[in-house]
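For reference, the chain that follows is the form predicted alone, supplied as structure tokens.
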């Protein structure tokens, strides 16, 4: 591989990993508080469509960003009401949201854009980081992306710091491990879980908007292509720890980038095998074959005071 090919491959790996990094970081907060959002795929797909629609209708990617995040937050709020207040089965609720999001976005896409439309929408321009963007290989690979990449990493670092060094982070871990003991200590269990789910919605919204407005500049049916599920697997793969979760997302993104890089290098590998590679890695992670980590003790378990 030439230096230019290496730079292109690294840039593609980071770009393809970014939606999973954003979504998985938010989901990690929610799961550490005890709420599993199987609806992560639906949140991302809803944000992808809403962001594309907002950018197309107004001609302003920033408006599309706000629309996408707002749509994902609405889904997250309904998820929180059902999971935390009504104590519904989190797996069933999440799968239902994913089916609803796929059907609703497909219907609206065909009604607004037409079934065969590939409408190009206004997107964010790439931003070159001064001084370092011209460094050979690493400059083009890491420092020539849309601004949402850098904002996303800043938010991920803020989440890590918040979980590790703030009272909210301690409350999240306490609620996720033993909500009854947390309640007795005066921690508002429901409020902490609501905030955690909304953080997951915020990050999933950013992930969805990145796909349609920050990267591809269009919308297609089922555009997320299972990236929400890969983000869920990355949280498990990473053992509910921030750094390892991001590393898992980078691994999945790199595996996806190989679909395009290996054929360009003349390496004859069946396309189907390359396409399923990230999902095979995710399956191994979920099965515990690449390291076993115990989840938060109260994950998926509803809490009712006095019960």
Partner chain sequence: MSPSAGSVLLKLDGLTKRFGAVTALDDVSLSIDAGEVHCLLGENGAGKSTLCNVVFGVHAPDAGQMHLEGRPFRPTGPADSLSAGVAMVHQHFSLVPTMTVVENLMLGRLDGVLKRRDFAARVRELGATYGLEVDPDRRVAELSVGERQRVEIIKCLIRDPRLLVLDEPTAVLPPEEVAALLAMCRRVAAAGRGVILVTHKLAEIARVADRTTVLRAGKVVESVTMKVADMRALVRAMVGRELVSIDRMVAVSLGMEAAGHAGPPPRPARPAPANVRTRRDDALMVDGVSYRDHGGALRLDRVTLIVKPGEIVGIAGVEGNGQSELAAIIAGLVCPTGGRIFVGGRELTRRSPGEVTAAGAGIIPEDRHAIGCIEEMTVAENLFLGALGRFTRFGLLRRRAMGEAAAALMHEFDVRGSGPGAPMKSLSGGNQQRAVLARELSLDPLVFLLAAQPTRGLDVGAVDAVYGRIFAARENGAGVLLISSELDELLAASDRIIVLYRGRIVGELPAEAGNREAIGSLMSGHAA
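No experiment lies behind these values; they were computed from the predicted model shown. Numbering follows the first chain given and starts at 1.
This protein has a second form, the form predicted in complex with the partner chain, left out of what is shown; the following refers to that one.
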ask   = Are all three residues 167, 181 and 192 in contact with the partner chain in the predicted bound form, where contact means a non-hydrogen atom within 4.5 Å?
value = yes
inquiry  = Between 74, 129, 185, 91, only one gets a heavy atom within 4.5 angstroms of the partner chain in the predicted bound form; which residue is that?
reply    = 185
ask   = Heavy atom within 4.5 Å of the partner chain in the predicted bound form: which of 216, 171, 142, 82?
value = 171
query = 203-211, 158-166, 130-138, 226-234: which one contacts the partner chain in the predicted bound form at 4.5 Å, heavy atom to heavy atom?
reply = 158-166
